[in-house]
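Let's start with one chain on its own, the form predicted alone, as C-alpha cells.
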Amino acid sequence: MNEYVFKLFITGQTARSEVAVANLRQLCARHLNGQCRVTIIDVLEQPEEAESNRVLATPMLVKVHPPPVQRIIGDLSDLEKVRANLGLSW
C-alpha cells in the first residue's frame, strides 16, 4: 500500500482546528492502516507555506501523495465526503 502524505492547514489552536487534527488522525489510524505522513501547518506561523499551497480557508487538508494533489476544506467530520473528495478507498 502506498503511504499517504497529507498537509493539514489550521489557524491557531482553535476548537475547529483541534477537531480537524483529531479527525485526520482517526482517519489515518482506522481507514488507512496508519500509512500516513501528516504535517500540520499553522497559517499564522507559516503564512508563506499557506500561500504557496493556495490555502484560502482553514482547516484545509491537502493530499500530496499519491497523486493527484487534492484539497478539502472543513473539520473532516464527514468521512464519506473526505473519502470521495480525496479519492480515497477503504
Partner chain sequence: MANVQKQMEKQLTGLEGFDLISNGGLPKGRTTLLAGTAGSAKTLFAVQFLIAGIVKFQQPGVFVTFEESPEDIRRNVLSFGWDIAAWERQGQWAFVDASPYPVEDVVVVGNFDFGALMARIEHAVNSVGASRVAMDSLGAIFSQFEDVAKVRRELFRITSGMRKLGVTALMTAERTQEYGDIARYGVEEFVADNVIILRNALEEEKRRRTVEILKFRGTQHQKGQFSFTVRPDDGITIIPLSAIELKQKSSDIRTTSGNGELDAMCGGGFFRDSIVLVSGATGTGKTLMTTEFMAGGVRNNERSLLFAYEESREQLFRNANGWGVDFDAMEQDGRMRVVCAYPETASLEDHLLHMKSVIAEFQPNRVAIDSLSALERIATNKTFREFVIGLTSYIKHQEVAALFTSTTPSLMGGQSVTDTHISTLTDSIILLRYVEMFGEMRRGLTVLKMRGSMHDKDIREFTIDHSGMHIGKPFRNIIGILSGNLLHVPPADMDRIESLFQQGA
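Residue numbers count along the first chain shown, from 1. Everything numeric here is computed off the predicted structure, so don't read it as measured data.
This protein has a second form, the form predicted in complex with its partner chain, left out of what is shown; the following refers to that one.
- Its partner chain in the model of the complex comes within 4.5 Å of no heavy atom belonging to residue 24.
- Contact annotation for residue 18: none of its heavy atoms lies within 4.5 Å of its partner chain in the model of the complex.
- In the model of the complex, its partner chain sits beyond 4.5 Å of every heavy atom of residue 13.
- Although the partner is absent from this view, residue 47 contacts its partner chain in the model of the complex, with a non-hydrogen atom inside 4.5 angstroms.
- Although its partner chain is omitted here, in the model of the complex all of 60, 78 and 81 have a heavy atom within 4.5 Å of it.
- Along 35-73, residues 43, 44, 47, 48, 50, 51, 53, 54, 55, 56, 57, 58, 59, 60, 69, 70, 71, 72, 73 each place a heavy atom within 4.5 Å of its partner chain in the model of the complex.
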